[in-house]
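This text opens with one protein chain seen in two forms, each one given by itself as structure tokens under the names structure 1 and structure 2.
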Structure 1
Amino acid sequence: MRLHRLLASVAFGFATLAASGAKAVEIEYWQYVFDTRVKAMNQLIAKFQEANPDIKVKQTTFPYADYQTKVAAAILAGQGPDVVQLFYGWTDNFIAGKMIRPLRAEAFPAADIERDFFPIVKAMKRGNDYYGLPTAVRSLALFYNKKAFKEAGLDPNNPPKTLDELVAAAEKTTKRDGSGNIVSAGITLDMAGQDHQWWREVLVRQFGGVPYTDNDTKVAYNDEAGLKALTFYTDLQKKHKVGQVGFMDEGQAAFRAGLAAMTIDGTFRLGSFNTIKGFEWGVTELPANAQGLRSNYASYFANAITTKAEGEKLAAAEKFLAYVSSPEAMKIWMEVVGELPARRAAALTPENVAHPVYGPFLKGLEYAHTTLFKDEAAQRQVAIDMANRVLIGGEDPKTSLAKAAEAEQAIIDRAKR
């Protein structure tokens, strides 16, 4: 008798489990750990589940350093996410490994994407297919310390507009001790931070060149323009002595501590800089060259659907992707993370454009370039070493530039195989 009852309850348990299992589809979403991003995604998931009670989304996060390896290993093992966040520069790798699938044209028409999103989203397009959509995009701008400007006799509401003005402002705001050591920098020099992007996509163009040709597969900066750009950059330390690589360890740390008057950084730094208490800071567009030419670098993390998602999970993943790339999601993302909406309409509202912080970043998006990296870390290292050879090794910029071009070309060629 007792056994019967037990069997009956077990059978009932299975039945309810099966029933509830059939009702809700669970999909997995993976991204790397970054406090505000995780917080924003939790909010988005809550809202999405409210509107779609039959879909459950589980968020999993990993440290950035292990992220790519773990995603690749998990998907190849038939596990892992249904919707995955990836840096636009990893797309080729993910496609080659058959880890992500092209977005179905019926669900995400290319014409709509190209009409609604900023043009940099094209970096997710291969042939006629889009492989992912971003929620937010990031661009660079010049952050400056208003207190340091005031103390140096500069107008805190009139930040430098050209490269010459940048150097002049840096010279005025640099503080040195009796032996000439910098104790507060005019501008941070940090190739390991965002300076390599500034050098590659902004300075090289402003001195009359282009960083790459042939769809970013041929290094083209080993010329007069590249040389002028590198000389301009290294002269900030060597000739003008307004900054020093390694000062306060990292550029952003120096700025945060109030020991650097200016730094070039991205939208993703807003969350961190917003907690600065000691001084008021401002943001302005990256300085133009003498002819008024401006440039910028834009990048983004996209969300893609993996090859693991099939059947009803695929349908649920598509719904989720559509939601996280919707104007509503972008608004939440901007409020929580500080990154700019990837859709023009959501980004270019009069309120945003006039915003003292978002405005300069948004203007930057209009003339921004997106480097199609083959191996972002290795290509960044090339730029770090290029500057170091001049600044530490005392090598002449021309030789160092040529070595960098050769090393970077080798990286790109190897990835093409």
Structure 2
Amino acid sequence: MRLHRLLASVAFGFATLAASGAKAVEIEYWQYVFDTRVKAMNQLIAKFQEANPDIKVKQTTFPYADYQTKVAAAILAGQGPDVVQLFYGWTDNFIAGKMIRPLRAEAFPAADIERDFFPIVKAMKRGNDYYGLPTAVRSLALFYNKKAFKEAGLDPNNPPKTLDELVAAAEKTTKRDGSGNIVSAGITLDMAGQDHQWWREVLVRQFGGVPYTDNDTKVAYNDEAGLKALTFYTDLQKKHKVGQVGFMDEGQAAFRAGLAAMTIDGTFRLGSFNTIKGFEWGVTELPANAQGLRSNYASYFANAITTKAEGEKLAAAEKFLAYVSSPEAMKIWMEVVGELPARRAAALTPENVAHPVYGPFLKGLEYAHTTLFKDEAAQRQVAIDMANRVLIGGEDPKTSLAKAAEAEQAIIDRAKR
């Protein structure tokens, strides 16, 4: 179905409403605070309202740490958003809490969604129903500071292609004071950022394992491959001394400040990194293992319609969701935020594929995996704790890995009950 037909299918009742001169319908859109995302949504709302003067959209934002709690409390009280942004890994919790409704098949046919969007959109499907649609998708890549590379005698146009080359480049770019303390890291160590995804869906696979089996319901990384992956990661601090957990609090902050030569992050960071003035940076695919195997992690935030939306607000919410999932909206989002369009045709243009920044992320989507989280926040915390026990507490990696596997399996099992 072409876009104009989709928009028409969710606009039932609006022609009559406009003709009658009735008051504009107001709906609320909620997302968490992230400057470029808020800026992009403001632009989308302005364009949507210009084309739909009978609908007003109010955007509300909250800090990330409070976001899920605020959404749940508001919707359960019959207040809050009509359209809500949520990480795909929160979907089961939002459904269980009766916060979001399945999309009407008449307005959003599954066949059209699966034809037009990247396959990872299926993480929003439960049974025959979709519960939301993304504007953009994200993959991971290696950001590197070209100035730091040049100062260390490395070719700034030849970033690491393998894990061994990554370690070597990190060793050459790390700077220390007279006491041996890191003052500028070779690579950031930030499990709370994107390193937990790098470890889980990339390193575990590159060392010969898989993170989960049985549709991501059975933890499978407590084995030799998982141990090698964790040891590789923790050795960056303990053996190679090229990074340190907690350095400048966040990895992205260290990179932005020019105090880390490399960091692993997602497309969503492009808008922020584009404001860096002190040095030129580049992007390359995540390094392969010695055998050339690459892996990646793909994710997205979706927009969903809440159970609060009824009647004319539901119709308005559907029309708004159709617009923010359109090629036009995706183009604006990519330009402002840096995240890749969720529709194949909008993403895989010759210009995007050949782009020095977008290209590596698009290549990563070709071999990326999407973790089917049961409780994303809790499962992420397991990975953070696992690394911290080794890097801060001095625990043996094998012991810490076993504890992590047991804790994460318990989280998954609780969610299945």
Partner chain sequence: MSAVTPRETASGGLWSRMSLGRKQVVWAWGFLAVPLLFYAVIRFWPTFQAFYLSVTDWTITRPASFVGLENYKRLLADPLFWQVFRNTFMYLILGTPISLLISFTVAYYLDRVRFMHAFIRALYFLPFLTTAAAMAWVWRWFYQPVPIGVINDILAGLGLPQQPFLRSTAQALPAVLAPAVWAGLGFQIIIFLAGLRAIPVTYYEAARIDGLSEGAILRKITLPLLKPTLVFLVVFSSIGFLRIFDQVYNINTNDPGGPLNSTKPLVLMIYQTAFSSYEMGYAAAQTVVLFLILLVISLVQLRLMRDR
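These numbers were taken from a predicted model, which means no experiment stands behind them. Each residue is numbered by where it sits in the sequence of structure 1, with counting from 1.
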Decide which single structure shows the form predicted on its own, answering 1 or 2.
-> 2
Identify whether Asn145 and Asn289 share a rigid part, assuming the chain moves as two rigid bodies between structure 1 and structure 2.
-> yes
What angle, to the whole degree, separates the smaller rigid part's two positions between structure 1 and structure 2 once the larger part is lined up on its C-alpha atoms?
-> 11
